[in-house]
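Coming up is one lone chain in structure tokens, specifically the form predicted alone.
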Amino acid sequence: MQSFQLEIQVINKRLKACRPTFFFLVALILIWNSPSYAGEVQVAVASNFLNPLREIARSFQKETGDRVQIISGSTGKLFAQIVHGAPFEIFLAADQTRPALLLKRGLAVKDSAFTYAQGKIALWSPKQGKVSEDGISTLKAKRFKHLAIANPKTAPYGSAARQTLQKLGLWDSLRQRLVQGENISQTFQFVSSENADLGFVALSQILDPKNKMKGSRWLVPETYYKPINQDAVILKKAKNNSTAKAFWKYMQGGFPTDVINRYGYGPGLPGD
């Protein structure tokens, strides 16, 4: 009888020891299944806007607790991935054409498109004095081996660079000196690493706080190329995602606008 009572006491002690772990596991299960648990949105963004978006996403996550997963690339490549079923929920393009096409194809939520920023291009070199104040004399002098631009077929900033050279009558004479980046981020890397002497990059990349090589630049007049109006759109895959809709709305608020201006973009146009 005494032996049996001792066994009962041992069992009770073990149950008491396990109780904190049991309650901890129960608490975790309740948290994981709670409707207040952080949401998530997958945002595909044109590479020129990657660093500004990172700032905006950090602020959004701090305010809401919701997560923003960022996927970056050229607008053309991201568009193709969306068409082929990529699980993106918001698309921040570097043009208006691709978001409009997604709406036309029924792959984006109706009336969700808005212009979040207006891009600008600049001829830039990390070396002081390499690019003249007007830039045109630098291009005409041709005292450089390589001129970097983004792929005009897939990157709106590359298209703007080509339009600029065509307007100046230099496209044909400089084509042999061109090196093309897949997107504007790779183009910037070509120039910053001095694999290209100079290049047409996004003004936002030059003004990015992470860029310590201010060098010399010529801000291309906006009359030299078609406006780079950058549109955002909610994709159909996010129609039931409240976090996606909240982030879409957040992008039109005060803090994102401050970030956009600081990076040298022109103001966007709010959505409906």
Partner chain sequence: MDYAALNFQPILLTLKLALTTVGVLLVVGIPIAWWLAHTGSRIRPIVEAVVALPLVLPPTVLGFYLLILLGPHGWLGQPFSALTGDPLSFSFAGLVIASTLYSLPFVVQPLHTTFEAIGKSPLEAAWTLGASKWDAFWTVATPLALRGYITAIVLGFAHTLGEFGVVLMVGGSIPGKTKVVSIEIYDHVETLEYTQAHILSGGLLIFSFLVLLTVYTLNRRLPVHVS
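Residue numbers count along the first chain shown, from 1. Keep in mind that this is a model prediction, so the values were computed, not measured.
Just so you know, the form predicted in complex with its partner chain exists too; it's not on screen, but the next bit is about it.
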Its partner chain: the contacting residue among T164, Q180, T115, S185 in the model of the complex [heavy atom, 4.5 Å]: Q180
The one option of A122, A196, V131, L103 with any heavy atom within 4.5 Å of its partner chain in the model of the complex is A196
Which among 107-115, 88-96, 134-142, 152-160 is in contact with its partner chain in the model of the complex, heavy atoms within 4.5 angstroms? 152-160
Please determine whether F79 contacts its partner chain in the model of the complex, using a 4.5 Å cut-off between heavy atoms. yes
Flag S173 as yes or no: does it have a non-hydrogen atom within 4.5 angstroms of any non-hydrogen atom of its partner chain in the model of the complex? no
